[in-house]
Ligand code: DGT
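Next up is one chain by itself, shown in structure tokens, the form predicted alone.
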């Protein structure tokens, strides 16, 4: 079992215990262990026999050590199995419905002994949920919408989940005789925020269909340890389903057609259609096998994407741009933007420490950032309104600033800015005193509550936060959680225009569940004069690596280095925020 599988099982157990109304301390212990294991930079399987090393992990006590070993021994937990038998396996799916927390699921179970998606939907459509204590028609309609949303996104996976799955498969196949390259294609290569099927292309001398080496490679794919079910096998293609449920399509291609196949299977569909129409106007036809002349069906080019684009009178386009949003016109004119890269980022200014809900100290976060090559960071722990995260009140915030300043004095080669992620309250005011916020280098103002306000009220709320002279950055501006929670509604144009006037930057939160702002909003914000800051919202040193997903999102929005403030050196960055 890998770390994510263990963390997921612990989280499921915590929710099941909460539905059953069991001891809150026990529930919290499972949640703490889940969060810690999900953040580990190493595989817990490697230390599962070592009591001392296990107990060094935050949130792991002696009792949890026993539970972890039970999971490795039998693939499950007794408490989880017992409760799943009581409620049915469908209860786990209910956890993904917005508006259905463990307490509401327990309420429905107690009244109707129903704990599956179809059953709860039937109750809601019959008006039987609104009659329960603390519910009502509005709550019932929210549950129905949550069920509809869940059905719509079923079979989608966050980009980091797909990325890790691709990396593992690439590593497994890379050393196979006859294989030269193994490359993800499809929506993962284009940096889409959620992924359906995973496309993997293999090329090399051994990928000639019908050859013994090709058959051997196919057999190796079929025997992939994480494959749960082979869906199709034959010729040069294998389709299978991972244990996570994700479908993977693997294609073997000879080197001479690899470029055409990479272009075709990367997509997007609309980009490919535009390319094919362009080819036809030139008397050519484009397919996954190459670019051919129509009149005699002779292949012109096929080996690389670059040569295909050149033959069509275009320059090579980054995969993230291939959505048929005008990239072909820019390419033809030779004016494609030089998209931002991870190397351009000089600092990460949204991260949490043990002072609130983070897992590492100020010094540990700073060292990890320094090792990554950053020139500065900002420590931005939560404010008091986020009580479940042990948020800081005015007094604790001031003491925390002193600790950050002391750490900054101690560290060489990296600046440590004092900051805060301050809650935007329901009326648009900020959760800490202005006199305290004035002491901060970076103030990220974020919404963490009252998501159901009307669009007009939410717009007013965000405009009020932007108007506060202490606000530096608007954090994860739409509040969405991918595959879990829709963005709240507001007038994005009005908010972006106000932010541009006030020189308040928009955050691109790289956390894979957020990736907020999305690519369309990012483009709109920049076009209206906003600057962007790309952060990780890290709660552990290992989370700093997730900046890669924010960069992919930025590239999908065609952002360049000049659009992003944390590509600037430390002093210029502070000046751009009005804190210099």
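Numbering follows the first chain given and starts at 1. Worth saying up front: this structure is predicted, and the values here are computed from it rather than measured.
There is another form of this protein, the form predicted together with this ligand, and it is not shown here; the text below is about that form.
> With this ligand left out of view, choose which of 224, 87, 264, 258 has a non-hydrogen atom within 4.5 angstroms of it in the model of the complex.
None of the other options qualify; the answer is 264.
> Which residue, 269, 171, 74, 212, is the contact with this ligand in the model of the complex, using a 4.5 Å heavy atom cutoff?
Residue within 4.5 Å of the partner: 269.
> The chain here is shown without this ligand. Which stretch in 270-278, 354-362, 224-232, 391-399 comes within 4.5 angstroms of it in the model of the complex, by heavy atom distance?
Of the stretches listed, the one contacting the partner is 270-278.
> Within a 4.5 Å heavy atom cut-off, is residue 186 in contact with this ligand in the model of the complex?
Residue 186: yes, in contact with this ligand in the model of the complex.
> Residue 437: heavy atom within 4.5 Å of this ligand in the model of the complex?
Outside the cut-off, so no.
> Using a 4.5 Å heavy atom cut-off, state whether residue 190 contacts this ligand in the model of the complex.
Yes - in the model of the complex, heavy atoms of residue 190 and this ligand come within 4.5 Å of each other.
> I'd like to know whether residue 195 contacts this ligand in the model of the complex, with contact meaning heavy atoms within 4.5 angstroms.
Yes, contact at 4.5 Å.
> With this ligand taken in the model of the complex, which residues across 101-133 come within 4.5 angstroms through any non-hydrogen atom?
Going through 101-133 in order - heavy atoms within 4.5 Å of this ligand in the model of the complex - there are no hits.
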